[in-house]
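Single chain ahead, by itself, as structure tokens, in the form predicted on its own.
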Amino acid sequence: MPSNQSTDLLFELSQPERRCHLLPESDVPVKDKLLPAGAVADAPPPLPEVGEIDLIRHFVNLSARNMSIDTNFYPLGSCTMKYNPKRHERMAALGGMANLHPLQSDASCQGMLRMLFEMQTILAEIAGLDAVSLQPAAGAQGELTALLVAAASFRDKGEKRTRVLIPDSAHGTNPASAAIAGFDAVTVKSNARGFVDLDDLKAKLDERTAVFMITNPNTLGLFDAQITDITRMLHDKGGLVYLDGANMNAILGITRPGDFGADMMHYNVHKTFTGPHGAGGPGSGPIAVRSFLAPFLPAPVVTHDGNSYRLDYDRPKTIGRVRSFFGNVGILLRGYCYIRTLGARGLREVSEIAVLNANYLLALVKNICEVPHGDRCMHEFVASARTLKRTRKISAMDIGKRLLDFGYHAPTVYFPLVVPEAIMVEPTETESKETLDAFARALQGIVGEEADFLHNAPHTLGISRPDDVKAAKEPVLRWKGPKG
């Protein structure tokens, strides 16, 4: 559980002349000033002055106030917050990899280039596609990169296509990526089963359509069995199909996007394989594409001539670089270690267990909360507190906040938007049956509590419910000491 202990700021702990270390004056003579006078401050910056023990306790106490996947169950639907094996962290920290400089010559980092080349090949195989760029630094940047590749392909053919079609259950980054790539985003409705409404798709699909973006399995945790009909409809109109690969955790080694008709996709290495997740990075969002789109991929890509590996910049049709150097190589290395550790059979078991865990937890939760879209799911499912809200004034937010008191991070709430009072749960393959049972028991107890009590949850943490709107509009980003 996160600590309820108050933690002072370093500025509040500060005492004049307190230090961690006292360094002697420099005894190296300097003939000329190293910096121009205008670049030198008149006085030291007003930093906290603390002893080493105060500094250590401060940061250790802060860490104890955090939730993390190493300390708590994180059933965060759509985000795949699963445990990351520590051996992959150790491997990524090996000096021969971690200490390389991105400006080294190709000849001096053959091991790293081999790893990246093999990662390209592996990700292409898992996707059922032909070529991969490892540059994008996150899933959202992968979406944008793939759409820029698609746009370049259509320009190369002399086709002017202006629209990207996106299901109403899609991740919010999909329409944002389409807009940034210069397309008009057009929403396609879902049907009563939570799948793409083929009639609405047909009505909006025409020669202006460049790409249809689909998450499959979708954000309701359902595999859209119409996918081959959808891809055929797009291809008949000359359009492309983009798969949002955020939910690849459900289908590894079971089916491949390229086999069911996708032309492009991205991976979230931190979701599907391994790597720290959250706080804005570091992430990695490689994209995989069909061969006719490969010339437009960002440069460079890693190539192998039979004797050595090198970065290939000679790509006349490339959209250019989308990330400094070669992307977040440390995350790619962690994902590579994960894949090589598990092998093909192990990756399939990842998805089999993720789906098993999700269906087991669904079987428990459906007796506690309404689950609008069926008795079966893939790797995640969406429950709803709409009946509790209507009959007892208990909202999805109330449930999420109260779960914190039991040591569980809240599931994703209020997404996807197609489900009122949504509670989106993804247990992942790394959680035990005992953890899932305990979570369900906590949820059962919560829905039996009084609404007024839940409105003020959490009750055991340092704060209860901050004013989210005020925090967003009037953030306090800088500490100000007492006046006078």
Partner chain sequence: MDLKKLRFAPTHEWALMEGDTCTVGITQFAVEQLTDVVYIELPDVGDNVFAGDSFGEIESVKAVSDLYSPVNGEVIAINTALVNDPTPVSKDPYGKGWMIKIKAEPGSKLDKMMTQEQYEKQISSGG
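Because the structure is a prediction, the values reported are computed rather than measured. Positions refer to the first chain, counted from 1.
The same protein also has a form predicted in complex with its partner chain, omitted here; what follows describes it.
Put simply, residue 469 is close to its partner chain in the predicted complex: some heavy atom of it is within 4.5 Å.
Although the partner is absent from this view, residue 386 contacts its partner chain in the predicted complex, with a non-hydrogen atom inside 4.5 angstroms. In the predicted complex, its partner chain sits within 4.5 Å of a heavy atom belonging to residue 420. Residue contact check for residue 154: none of its heavy atoms lie within 4.5 Å of its partner chain in the predicted complex. Interface residue among 117, 326, 414, 406 relative to its partner chain in the predicted complex, by the heavy atom within 4.5 Å criterion: 414.
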